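A single chain, nothing else alongside it, follows as structure tokens in the form predicted alone.
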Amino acid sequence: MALITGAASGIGRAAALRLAADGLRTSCFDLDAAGVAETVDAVVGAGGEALAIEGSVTDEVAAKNAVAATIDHFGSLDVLVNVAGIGHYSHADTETLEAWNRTIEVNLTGMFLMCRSACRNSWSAVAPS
């Protein structure tokens, strides 16, 4: 079972399709609800099983909910693929602090929130009582 962030397009969609082709059930997580639905349709159309989850990796509650929804739906979470990210090119002397902070929020904080949520939920599911 795999959870892929940034799954609405590009590398995230390709990862979802590849993992599904290899037999993994996939949860597809992204802000773009329509894009996630297209990815899920493509996975299902290729014979795989997938779940669409809309949300932002930068939202702590959404990250926790994506992991919980994956485990609730599929029974486990074995693989987390952190693909969600943004980027643009600019010079440091003209870059805005707002753009810089948004990049850090999505690319670093988002990955941290997803990893932390996945670890906490996965470990608690297998921890001895």
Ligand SMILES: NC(=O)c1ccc[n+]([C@@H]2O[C@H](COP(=O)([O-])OP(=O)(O)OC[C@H]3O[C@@H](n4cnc5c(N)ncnc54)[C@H](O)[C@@H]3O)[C@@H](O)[C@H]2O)c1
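Everything quoted here is computed from the prediction, not taken from an experiment. Quick note: we count residues from 1 along the sequence shown, nothing fancier.
Absent from the display: the form predicted in complex with this ligand. The rest refers to it.
Chemist: So if I measure heavy atom distances to this ligand in the predicted bound form, which of the stretches 26-34, 69-77, 92-100, 42-50 falls within 4.5 Å?
Modeler: Result of the contact check: 26-34.
Chemist: I'd like to know whether Cys119 contacts this ligand in the predicted bound form, with contact meaning heavy atoms within 4.5 angstroms.
Modeler: Outside the cut-off, so no.
Chemist: With a 4.5 Å heavy atom cut-off, would you call Cys115 a contact of this ligand in the predicted bound form?
Modeler: So Cys115 does not count as contacting this ligand.
Chemist: Taking heavy atoms only, is Ile104 within 4.5 angstroms of this ligand in the predicted bound form?
Modeler: Looking in the predicted bound form, residue contacts with this ligand do not include Ile104, since no heavy atom lies within 4.5 Å.
Chemist: Would Ala63 show up as a contact with this ligand in the predicted bound form if we use heavy atoms at 4.5 Å?
Modeler: Ala63 lies outside the contact set for this ligand.
Chemist: Could you pull out the residues of 56-91 that have any heavy atom within 4.5 Å of this ligand in the predicted bound form?
Modeler: If the 4.5 Å heavy-atom criterion is applied to this ligand in the predicted bound form, 56-91 yields Ser56, Val57, Thr58, Val83, Ala84, Gly85, Ile86, Gly87.
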